[in-house]
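Next up: a single chain in structure tokens, the form predicted on its own.
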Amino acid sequence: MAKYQDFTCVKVEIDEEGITWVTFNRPEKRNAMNPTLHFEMLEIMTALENDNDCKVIVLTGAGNSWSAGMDLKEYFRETENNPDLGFRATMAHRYWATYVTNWSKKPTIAMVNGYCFGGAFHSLAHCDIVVSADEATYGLSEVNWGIIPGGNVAKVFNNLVNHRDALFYAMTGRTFDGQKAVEMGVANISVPLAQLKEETIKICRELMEKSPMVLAYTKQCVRAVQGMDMTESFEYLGAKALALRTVDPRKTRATGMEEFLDKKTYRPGLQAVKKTS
């Protein structure tokens, strides 16, 4: 854990189960993302990819915010006359929030505990699962600042919600809560804030029961076929399935088949229905 202690804007904790809590740690700024945070997140997410102690990654925020988006002062104004810093910050953000989070072999969960605005949607959208507090506040506030939801925020928000909702919330700047986030497809689950961590841990444990290799290939497949037509997806998924059988060290497919067909000890989703009085 010592290797994750020297960061100023992000806190990392790996518990005994392998749940890795990556916390945006600028509560006084509602965890607004400055260049330093992006540089640290790139280093952290890259290191966690091959850290055997890390089984599941949970992104959350310190205090009452997940993240208020980009730091207007440090990310925008202070880089206007420093194009080198601006470019490096932009690329660090793009790399950790899109490529590493998207294609990591580790499951990634956004645990949204509070405010989530603007640029924060970019990293939120690329997490595999989003668990929200009912009390969380989401919004695209850019229109109020005389700017657009750039940096692909408009794109990822459009991908998550229907086109009419994307236009409505981007153009009005209105906010919405966790339950509305689930209704629109921004989040998977919304629970009261007091139950948020408990619910997230439950999902983490459920994921950690799966074969890590099968889980990694599954998330990669679901993401990859989004941009394919039917023929391309048939070809890709066939090759991917064969590759998994070759590289899976647990030989999960063979074991699962034996337990399901021969031993009849493994019946996921097919257990006998219990009668209730």
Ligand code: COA
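On a predicted model such as this, the values are computed, not experimentally measured, just so you know. Each residue number is its position in the shown sequence, starting from 1.
Just so it is clear, the following notes concern the form predicted in complex with the ligand, a form of the same protein that is not shown.
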By the heavy atom within 4.5 Å rule, which residue out of K55, K240, K219, K29 makes contact with the ligand in the predicted complex?
K29
Listed residue (N152, S141, N102, N158) with a non-hydrogen atom within 4.5 angstroms of the ligand in the predicted complex:
S141
Thinking of M45, A92 and Y95 as one candidate spot, does the ligand come within 4.5 Å of a heavy atom in every one of them in the predicted complex?
no
Considering the ligand in the predicted complex, find the one stretch among 206 to 214, 37 to 45, 220 to 228, 64 to 72 with heavy atoms no farther than 4.5 Å from it.
64 to 72
4.5 angstroms heavy atom contact with the ligand in the predicted complex for Y169
no
Answer for F87 alone: is it within 4.5 Å of the ligand in the predicted complex, judged on heavy atom distances?
no
Whether G178 contacts the ligand in the predicted complex should be assessed with a 4.5 Å heavy atom distance threshold; does it?
no
Contact label in the predicted complex: P107 to the ligand, heavy atom within 4.5 Å
no
Checked 98 to 130 against the ligand in the predicted complex; residues with a heavy atom within 4.5 Å, sequence order, are Y115, F117, G118, G119
